[in-house]
Ligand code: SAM
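Only one chain is included here, represented as structure tokens and corresponding to the form predicted on its own.
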Amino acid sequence: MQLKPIAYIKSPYKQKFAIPRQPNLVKEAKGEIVFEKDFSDPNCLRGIEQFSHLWLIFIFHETQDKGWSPTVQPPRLGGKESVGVFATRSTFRPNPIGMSVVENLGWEHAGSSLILKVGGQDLLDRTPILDIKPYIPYADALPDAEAGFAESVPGSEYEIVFGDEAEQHLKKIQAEYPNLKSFITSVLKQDPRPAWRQKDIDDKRYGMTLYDLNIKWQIQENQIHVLSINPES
């Protein structure tokens, strides 16, 4: 069996750290699906505007060479309790295939480039896309379904506070990144720290890369303080 990527996504998430663990938790996370030459015919997207949301089938390209295990320790269980790999959405799978529901923000065709814009995505930059399918509410949304240990919507109670240095840099890049502050806030509301740390208040300084920016932050009491926002060196 051979699978060929039809496209790759351009995403603000440049590293695995800080990517939300499910799609649509960070609505501000927009991406562009850039189709490969063999699939850049706009006829491939004819009628797709009728669907508000889409399924993306993709490859976990950063972890596909790291093997898999019959059991994993999901973050929702604190990263300490093991369950079967097929009872989770772990990236470490026998076949490194993922799926996400994203918002359909329209498409454009310029020259030889075909680009589909999506919102609420949770994919690493340059993730290979294998397939795109319409999200169909009557079949895909089951209100009586049970979700076991993943029943509740994840998110922290921390207040997000931007320091003076961070605010100053936000003003400088406002024109280029008009929604950056709300994007950072939504990402940090998910508490990107490792699962085993999320119940603790530690004084470690963390960094994450969004777009081409390095954001430094730290937990102080019951707040997450954004310390600085600087271009990646």
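The shown structure was predicted, so the numbers you read here are calculated from the model rather than taken from an experiment. Heads up: residue numbers just count along the shown sequence, starting at 1.
Although not depicted, the form predicted together with the ligand is the subject of the following passage.
Put simply, Leu210 is far from the ligand in the model of the complex: not one heavy atom of it is within 4.5 Å.
Among residues of the shown chain, Pro74 is not one whose heavy atoms approach the ligand to within 4.5 Å in the model of the complex.
In the model of the complex, the ligand stays beyond 4.5 Å of every heavy atom belonging to Tyr206. In the model of the complex, the ligand sits beyond 4.5 Å of every heavy atom of Phe35. Using a 4.5 angstroms heavy atom cutoff to the ligand in the model of the complex, none of Lys4, Ala7 and Asp41 count as contacting.
Only one of 131 to 139, 145 to 153, 97 to 105, 78 to 86 places residue heavy atoms within 4.5 angstroms of the ligand in the model of the complex, namely 97 to 105. This chain appears without its partner; in the model of the complex, the one residue of Glu49, Glu176, Asp202, Glu62 with a heavy atom within 4.5 Å of the ligand is Glu62.
Of all the residues from 19 to 36, those having a non-hydrogen atom no more than 4.5 Å from the ligand in the model of the complex are Ile19, Pro20, Arg21, Gln22, Pro23.
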